[in-house]
Structures are given as structure tokens and as C-alpha cells.
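Just the one chain here, the form predicted on its own, laid out as C-alpha cells.
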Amino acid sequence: MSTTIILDCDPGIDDALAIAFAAGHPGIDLAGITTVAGNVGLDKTTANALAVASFVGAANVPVTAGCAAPLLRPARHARHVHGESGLGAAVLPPPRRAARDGHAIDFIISAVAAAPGQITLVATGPLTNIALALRREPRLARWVRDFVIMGGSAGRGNVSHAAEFNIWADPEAACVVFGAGWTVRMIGLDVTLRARATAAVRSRMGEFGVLGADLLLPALARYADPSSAAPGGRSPGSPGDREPAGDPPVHDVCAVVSVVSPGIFTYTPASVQVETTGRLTSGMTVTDFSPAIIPNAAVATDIDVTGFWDEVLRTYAALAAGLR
């Protein structure tokens, strides 16, 4: 039996790989893709979502554009990580369709309201769309089957010493989302930094025909991993010129894998509060695992890396066979 998901994303290299996994896994019914500004601007995240969906055989999945800027702050981006296009060195055929009319917020609310308890909402970008959807329709928190994010960290960040990019890009939105009364399944840097596309993994991807040659490998080849120290001693999160990392982590793929293979991750109940005012800690997900707290999140604290890549590569292999 498949799980129906809506993927709210900001493609972005690892978002693109997450779309490919969602499109290729037999246990996922991808009901819609919504886009938000993040890794690159909204025009590019939307164009990338359309192009990737078409390339991986999901041309019938509706793509709806959402918010072009955070709730209260200027737009931030990660072009130094994902390249000017957002897809690294991957160059895909232009999509033959446009995004659907309307706004991502309306799409999310209407789709979930029409099927209460049946749709899992997965967010792999800044949480602006989700926060505004909750503000407009607070019952969304009760209507979803599950809510999963790639974002945050119980430890150090990747865009600053305290904050992970998706939360840092719109901390006010993240604050709304964590306070909405649901349990946020937080797949953060604590586990995603271990899901690295090693040389052995990339070698397997080279066997996947056009999927590997045109999307997976060229995208990963230009993925400048901000979690590793950059040349010249710059600390993680410094926005200067970077060399692509040898083994880039595929953060966003983890969130989608967790929907169909939750046993790959170990979760710990926690209270997560988002710092919005700290000069040095804005965007930090302050995570309390103490037994006395009332949890608002299930935080992924461990990952079966071998099981993760077995699932991902098996799905990509099947998807690639279909593309041939």
C-alpha cells in the first residue's frame, strides 16, 4: 500500500534527488510538488521542480509555486552550494508545461482537507509555505497523516555554527511550524550528514543510464558541501568560493526515505524551540531531550547508512530502467 505525499521543496540538488526518489519508489504516491524560495529564487526552484519531474517520468504530478520570500526577512539563498541554476552541473530538457495556477498554500490546504488523515506532508526547504498554510487553516495540523521536515539540528549548524539552512532562511516560519500542535518528525543534520554519496555510491549511480549521467552525477559533482571546512581554513557556512565536496550528503532524500522506511532512522522525543532573535544563533533549533519535557517533535538521532543507500539505489535502479 502506498503512502500519499505532498513534497514542499526548493530544488536545489538534494531536493531534485528527493523528487527522483519519490517518483521512483513504488510505495509513494506523489500527489503534488509545491515550491518555495530557498536554495535559489522561486522562479528557479519552480522551473527545476518542473524539469526534474518531467525528466523522471512524473510529468503528471502537479507543481504549484509558493512563497518567494521569508515571512519577515530578506530572501536568502544557497547558490554558492547548489550553483546558479540550483542543479549543480545538471542540464535537463526544459519542461513542456508550466506550474499550475494558484498558490502552494491553497494547494496544500485543499488537498489535505479533501483527504484528512491520508496525506503525509514532507518539507525539504524553508518552512514559509507550511507556516502560512497553518496560519490560514490551523486544522491542517490535525488533518495530515504525518509531517516530516529536512531541517534543523540538535547540535551544530551548516550555515552558521548554530543553524541549519532551511531553518535559518526563515526562522519565524519554523517557529510557527514547531508550535502548531502536531509532532514534527525532524530529519536534521544529526543524521543527514551521514548520508553521503561516497565514491562507491556514485559508481553505482553511473550504472543508471540517463538518470545517472544527466541528473544524479552532474548534480552531485558540483554540490559544494557547506558542512565541510572549505579551502583556506574557512569555517562551515562561510559563503566564499568552495570546492565541491568529495562525498556530498543528500540531506533531502533522507526525509522522503523516512516516509517509506521509517526503521532506517532512530527517533528521540524532544521539545524543539526555534531561536528567532539571537544575533549569533538565529535559526537555531534548541532541542531538549530531557524526560520531563512535553515533546513537539520526534528528532532523528541515528541512521542505518547501509540500509539507507540500499533503499535509495534500489529505487533509482528501478526508475532508471523505466526511463530507458
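The numbering used is simple: start at 1 and walk along the sequence shown. A quick note: this is a predicted structure, and the numbers were derived from the prediction, not measured.
One more form of this protein, predicted together with a small molecule, exists but is not displayed; see below.
*Asks:* Using a 4.5 Å cut on heavy atoms, which of Y223, F208, F147, F178 is close to the small molecule in the predicted bound form?
*Replies:* That would be Y223.
*Asks:* Looking at the small molecule in the predicted bound form, is some heavy atom of each of T34, T45 and D170 within 4.5 Å of it?
*Replies:* Not a single residue of the candidate spot has a heavy atom within 4.5 Å of the small molecule in the predicted bound form.
*Asks:* Though only this chain appears here, would A197 touch the small molecule in the predicted bound form if you measure heavy atom gaps against 4.5 Å?
*Replies:* Answer no; every heavy atom of A197 is more than 4.5 Å from the small molecule in the predicted bound form.
*Asks:* Hey, in the predicted bound form, does S153 get a heavy atom within 4.5 angstroms of the small molecule?
*Replies:* Residue-level check for S153: no, no contact with the small molecule.
*Asks:* Please tell me whether any heavy atom belonging to L189 falls inside 4.5 Å of a heavy atom of the small molecule, as the geometry stands in the predicted bound form.
*Replies:* Contact check for L189: yes, within 4.5 Å of the small molecule in the predicted bound form.
*Asks:* Find out whether any non-hydrogen atom of N166 is located within 4.5 angstroms of the small molecule in the predicted bound form, and reply yes or no.
*Replies:* Output for N166 is yes: heavy atoms within 4.5 Å of the small molecule.
*Asks:* Among the candidate stretches 250-258, 211-219, 92-100, 133-141, which one is within 4.5 Å of the small molecule in the predicted bound form when only heavy atoms are counted?
*Replies:* Only one stretch passes the 4.5 Å heavy-atom test: 250-258.
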